[in-house]
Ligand code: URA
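Just one chain follows, in the form predicted on its own, and it is written as structure tokens.
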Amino acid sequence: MSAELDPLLDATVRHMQELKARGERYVNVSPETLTALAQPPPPVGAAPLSAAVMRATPAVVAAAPPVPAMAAATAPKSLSSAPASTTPTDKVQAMAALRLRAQACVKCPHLVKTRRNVVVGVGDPNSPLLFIGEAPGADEDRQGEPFVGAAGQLLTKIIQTMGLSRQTVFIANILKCRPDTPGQSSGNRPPTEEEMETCIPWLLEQIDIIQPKVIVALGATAVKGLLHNPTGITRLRGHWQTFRGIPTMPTYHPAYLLRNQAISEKRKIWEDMLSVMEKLGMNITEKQRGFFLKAGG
């Protein structure tokens, strides 16, 4: 990144942090700026950004160059354009830049037409723990944040029972836009394989930025999208897998517990979380070990 943009990037990060401290969750970006963010950065030595683009929210535009715009969305799955993020500030800045570029993505026109928000992810990009779901639902599309509906509230409780919070982990989906439901006034549908293949480079770039120590894949669709494993979630859950060299725990989606609230099923998911906690070297109390066990069991 050219040296003259460093002060602008620093100012942008400080401004975003101030907005977050005041409770702001989103930043308005003009269509012109989104168009500019979707273009590849100029080569070294090229003319600077036009004055017209710089006038359109200059701090936001200045934050885009750290990662080539849209490169991850068109690169092969085995490649990533994410920078080597080694410090907490590096990761925050890289994730902020990715978020802006993802909001300008138009790779799936049918999803662009119906979405309200691009649901990039939420949490701490410096967290060692990454939760991955399948796609936003109606609540997530409306609020622009993953896992905020009934299943999301249950996931939040699971995370809190682990002694963590939504702010200390990172939560993302394979698909960043809500799958469209033509002809339906309500309800959701799982993403198609084509949609996941188109969108997953964004997630791969997020993984490269976060560099988590453990990934939790929530539900059959997330497991299929990540691992391409034909084994059903019922047989696969609870058994450690590896994704891009990272220990990955497949488990049921929280929505499953909304449909089946048997103590035995809750215990299965909780045993998976205990295994995750052990893998991360977290302290586990006897109370935590005893959750969802039948009396005398």
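Predicted, not measured: the structure shown is a model, and the values here were computed from it. Residue indices: 1-based, along the sequence shown.
FYI, the form predicted in complex with uracil (URA) isn't displayed, but the following is about it.
In the model of the complex, uracil (URA) sits beyond 4.5 Å of every heavy atom of Ile159. The shortest heavy atom separation between Phe131 and uracil (URA) in the model of the complex exceeds 4.5 Å. Using a 4.5 angstroms threshold between heavy atoms, Phe147 counts as touching uracil (URA) in the model of the complex. Taking non-hydrogen atoms only, Arg237 never approaches uracil (URA) to within 4.5 angstroms in the model of the complex.
Only one of 136-144, 121-129, 202-210, 108-116 places residue heavy atoms within 4.5 angstroms of uracil (URA) in the model of the complex, namely 136-144. Residues are counted as partner-facing when one of their heavy atoms sits within 4.5 Å of uracil (URA) in the model of the complex; in 247-269 only His253 qualifies.
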